[in-house]
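Just one chain follows, in the form predicted alone, and it is written as structure tokens.
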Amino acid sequence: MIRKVGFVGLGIMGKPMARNLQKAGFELHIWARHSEEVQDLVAGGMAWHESLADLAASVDAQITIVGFPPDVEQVYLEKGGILESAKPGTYVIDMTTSSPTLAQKIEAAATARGLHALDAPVTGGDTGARNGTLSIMAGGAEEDFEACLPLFKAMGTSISYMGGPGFGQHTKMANQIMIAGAIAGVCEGLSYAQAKGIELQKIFDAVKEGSAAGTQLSGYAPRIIKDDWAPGFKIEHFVKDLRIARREAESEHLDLDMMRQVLQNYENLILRGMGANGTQALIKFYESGD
């Protein structure tokens, strides 16, 4: 039975996810490169560890949700990392949106050490992380998925087993491709309305219950109207995801034209220093006339 849970990656998504696990009755153990950033969690009863190796050796399940694939590779595969340090039988669950190929590599290395690895990326943004309503898509051995269901249920409401190693990441890539079109549609529609002299609040109120309704519209149009560019999900992280999706698509000779164009537009914003803004800032691309 899983009782002690390690958590690494205590940022916009990770902090509320860890808190929800704690509320569900799990004993939370944490480590971060900058301890000052997690003192609120320590004050709330989570156990601090001085090293990643000590953390991984102390828990029944280890969860990570870090920034980029190189970060995933570092915490799992480098010396003193999770796979080297965890006890046989430990469940290791990467919830970062990362490379399916890397997920398969980690699973193979984990299995060789007697560990149980799952790739289980999430969608739902910072709001879903806070409310415990994330969608979680998992790849790996089905029996390992079943064993970790109590963890997933503490963090999400839509929990899906997608298949073998890497299939959670493949599912997340499909999700990100869908989001790319949806957020671009919202920003293009609002840009058109604004250019024609329609107040953004009025256009939002007019269409929010109709066929254009959706998570991207309801989640981001109010932020755009308020000039709120704070990240629920950072542009630089979305670009990372779409670049992974592009590589995976190219390996299958798929021409995903819409996704490629949205990626190019976001890359333009990164060049303008906007990578730390939320994905709703895509509207700035249209406003600039580039």
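Residue numbers here begin at 1 and follow the sequence given. Remember, predicted model here, so these are calculated numbers, not experimental data.
One more form of this protein, predicted in complex with a small molecule, exists but is not displayed; see below.
Shown without its partner, this chain lists Gly166, Gly132, Gly125, Gly219 as candidates; in the predicted complex, only Gly125 has a non-hydrogen atom within 4.5 angstroms of the small molecule. Contact with the small molecule in the predicted complex, defined as any heavy atom within 4.5 Å, is confined among 255-263, 237-245, 39-47, 54-62 to 237-245. Taking the partner from elsewhere, His34 is found to have a heavy atom lying within 4.5 Å of the small molecule in the predicted complex. At the 4.5 Å threshold, heavy atoms of Thr90 stay clear of the small molecule in the predicted complex, well away from it. The closest non-hydrogen atom of Ile183 lies beyond 4.5 Å of the small molecule in the predicted complex. In the predicted complex, Asp71 approaches the small molecule with a heavy atom inside 4.5 Å. Looking at the small molecule in the predicted complex, residues Leu83, Ala86 and Gly114 place no heavy atom within 4.5 Å of it.
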